[in-house]
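In the form predicted on its own, a lone chain appears below as structure tokens.
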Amino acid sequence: MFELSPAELKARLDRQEAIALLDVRNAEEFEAWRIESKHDFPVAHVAYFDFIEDPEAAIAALPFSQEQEVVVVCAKGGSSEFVANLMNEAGYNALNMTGGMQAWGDLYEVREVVPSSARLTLLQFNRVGKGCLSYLIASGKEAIVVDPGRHVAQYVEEAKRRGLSIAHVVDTHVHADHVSGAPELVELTGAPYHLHEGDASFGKLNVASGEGQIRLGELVVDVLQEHTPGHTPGSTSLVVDGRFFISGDTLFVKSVGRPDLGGHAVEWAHDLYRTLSEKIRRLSDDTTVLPGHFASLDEIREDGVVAGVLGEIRKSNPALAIEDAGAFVAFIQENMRPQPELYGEIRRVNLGLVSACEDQRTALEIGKNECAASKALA
């Protein structure tokens, strides 16, 4: 059996290699979340149970030639292995993607936002399948990790490889779409955990006191001083070196963070409007916005970094063009969709109200994030 990893599949799709994808999960799972690429590639869906019930008919339904290299994907990698074997026995050129969509959702890519120097290191960790972004900021020998995912070893290893000590851990807000890695990272490093009291007060978290600036070497990072409520009451943003705006779920390149996840859509939408129209308006047009999520793959720059220049975002992001609070609330309501059922439980885990084992955390995180005030996913 020939296999390839999610990272290998991502690299081959990025290189626009002649490769096709067969997804064998059920139709509902396929419609809700699938593998994407910036470049078009052939995709087909034939459910695993079709191969169980009538293998010959399922094989005959494949829209691929036997010469076409086909990657078979399922939820965890087991069903796809079975189907890939059937296809190969029938003369097809099939490969199994190891770990399935679960592994695709755990794939990260790390990019330098700017070339690293002793004065400033700014890395973006892109959790590709979920559209989640986290950051490592460093100057001198100390680093801040912002919005870490639960796979915390990568931050520790990246810091160690660069000779850095993780001195602070920040969550820009209480996340609803993924389990935060902040508590585990704090335990591993002994660094203080920063989360605005507007969110922390709902849970049982041991957060650092104090607000304002953090100094790393020659660098000044405004952390809790930049309180930007709306997505949640305690949402914050970070201004790094006066030119990079790590916006959490407040502002995305093409949308804004949805304010309804806590059940106070109208109230929090008014907060978000004030944040956008007052605080973010103060930032200069040449500020680089580094969001917590991306809504579509065309928000990824050619260098692989998800970012936008604020002046351009002001022209293209419809939420920033609205000049009236009532119209903004109406815009948010028009772009509302039901939140995933598991988001409430993820918030409870992240607030320290309940615990979850690794298998439970994995199950909670299945699927792409739905944190934007947009009818589109992400």
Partner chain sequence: MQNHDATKTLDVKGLKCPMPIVKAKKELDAMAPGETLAVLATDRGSVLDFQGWAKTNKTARLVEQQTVTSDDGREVYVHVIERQG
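Being a predicted model, the structure only gives us computed values, none of them experimental. Residue numbers count along the first chain shown, from 1.
What comes next is about the form predicted together with its partner chain, which does not appear here.
Listed residues A18, A11, C357, A363 were compared with its partner chain in the predicted bound form; A363 is the one with a heavy atom within 4.5 Å. Checked against its partner chain in the predicted bound form, the candidates R274, K76, R111, H151 yield a single residue with a heavy atom inside 4.5 Å, and that residue is K76.
Although the partner is absent here, L353 sits far enough away that none of its heavy atoms falls within 4.5 Å of its partner chain in the predicted bound form.
Using a 4.5 Å cutoff between non-hydrogen atoms, Y48 counts as a contact of its partner chain in the predicted bound form. None of the heavy atoms of E31 is located within 4.5 Å of its partner chain in the predicted bound form. Under a 4.5 angstroms non-hydrogen atom cutoff, its partner chain in the predicted bound form lacks E323 among its neighbouring residues.
Shown alone, this chain has one stretch from 34-42, 310-318, 323-331, 48-56 that lies within 4.5 Å of its partner chain in the predicted bound form by heavy atoms: 48-56. In this stretch, 106-124, not one residue has a heavy atom within 4.5 Å of its partner chain in the predicted bound form; the partner itself is omitted from this view.
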